[in-house]
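Given next, in C-alpha cells, is a single chain: the form predicted on its own.
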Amino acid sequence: MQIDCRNLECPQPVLETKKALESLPEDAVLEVLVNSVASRENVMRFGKNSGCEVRESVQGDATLITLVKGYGCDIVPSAPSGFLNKTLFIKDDKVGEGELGGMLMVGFLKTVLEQKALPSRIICVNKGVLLTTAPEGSDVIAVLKALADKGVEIYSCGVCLEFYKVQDALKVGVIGNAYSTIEMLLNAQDVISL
C-alpha cells in the first residue's frame, strides 16, 4: 500500500500513517510519500516506535518512507535513573516579556540542569521553538545541549518551526508533531508549563 502525504500539515501525515498501518496485516509494507523535513522525521519516528522496520529514499523533491510492519527489533533501553516522569512544556522563548523574560527562561533552564533528577523531556511549541533554534554559542543553546547530553529528550514542534521559518536552524533535539506531543503529555506523570 502507498499513501501520499505530501503537502499535508502536521499531524496529518502521522495520523494517515497510523490509520494505514492499522488496516494492514503483519509483514505488510506501507510506503508513505512526504515532502517536508518535519513530516519525514515524524513519520519515521512513528514507524520505529510502532515496531516497524523503516527505510527512506529520496524521490525528487519528496521522500518515500517504507515501513515494514512487525519487523522492528530494536532493543528499547531501560529508562536511566535520575529522570522523573515529568515533561517541561515550553510555549514561549521567554518567561514574561522583554529582555528580563529571556533572562528568566535561560535561568530556569540552567537551574533544571543542576537538579539531581531531570525531566524526561522538554517539548517546545509556538515561540518556544525559538529556544532550540537560537544562535550557536548562545547561553540557551549551551544549556539545552547540556540537558540533551544528560539524556533529556527535546522536541520542537514541526509546524511551529515552519511558521517561524527556522526549520533549518534547529540546533538541539528533534522535530516533533502534534500526535506525539499529545501522547507524551497524556502519558507524563506531571507536565510543567512555561
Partner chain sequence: MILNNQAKLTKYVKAAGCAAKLGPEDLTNTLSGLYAPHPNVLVGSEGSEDASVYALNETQALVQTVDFITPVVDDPFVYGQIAAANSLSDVFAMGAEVLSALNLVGFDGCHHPRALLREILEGGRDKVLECGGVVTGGHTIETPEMYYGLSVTGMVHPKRFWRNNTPRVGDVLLLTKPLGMGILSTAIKADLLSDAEACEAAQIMAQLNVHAMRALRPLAVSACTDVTGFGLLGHGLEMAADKVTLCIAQGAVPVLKSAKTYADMGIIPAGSYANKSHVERFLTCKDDVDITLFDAQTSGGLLVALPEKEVRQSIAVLQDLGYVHTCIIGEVLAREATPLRVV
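Whichever C-alpha set is largest while still superposing within 1.5 Å between the two forms counts as the rigid core. Positions refer to the first chain, counted from 1. Source: prediction; values computed, not measured.
Missing here is the form predicted in complex with its partner chain; even so, the following discussion is about that form.
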## Note on the structure
Given 146-154, 34-42, 131-139, 54-62, the stretch touching its partner chain in the predicted complex at heavy atoms within 4.5 Å is 34-42
### in the predicted complex, the one of Met184, Leu15, Leu170, Leu21 near its partner chain [non-hydrogen atom within 4.5 angstroms]
Leu15
### Message
Please tell me whether any heavy atom belonging to Cys10 falls inside 4.5 Å of a heavy atom of its partner chain, as the geometry stands in the predicted complex.
### Response
yes
### Message
Can you work out whether Asn126 and its partner chain are in contact in the predicted complex, taking contact to mean some heavy atom pair no more than 4.5 Å apart?
### Response
no
### Message
For a quick test of reading the superposition: does Lys18 move by 2 Å or more at the CA between this form and the one not shown, rigid core aligned?
### Response
yes
### Query
Gln167: CA shift of at least 2 Å between this form and the one not shown after core fit?
no
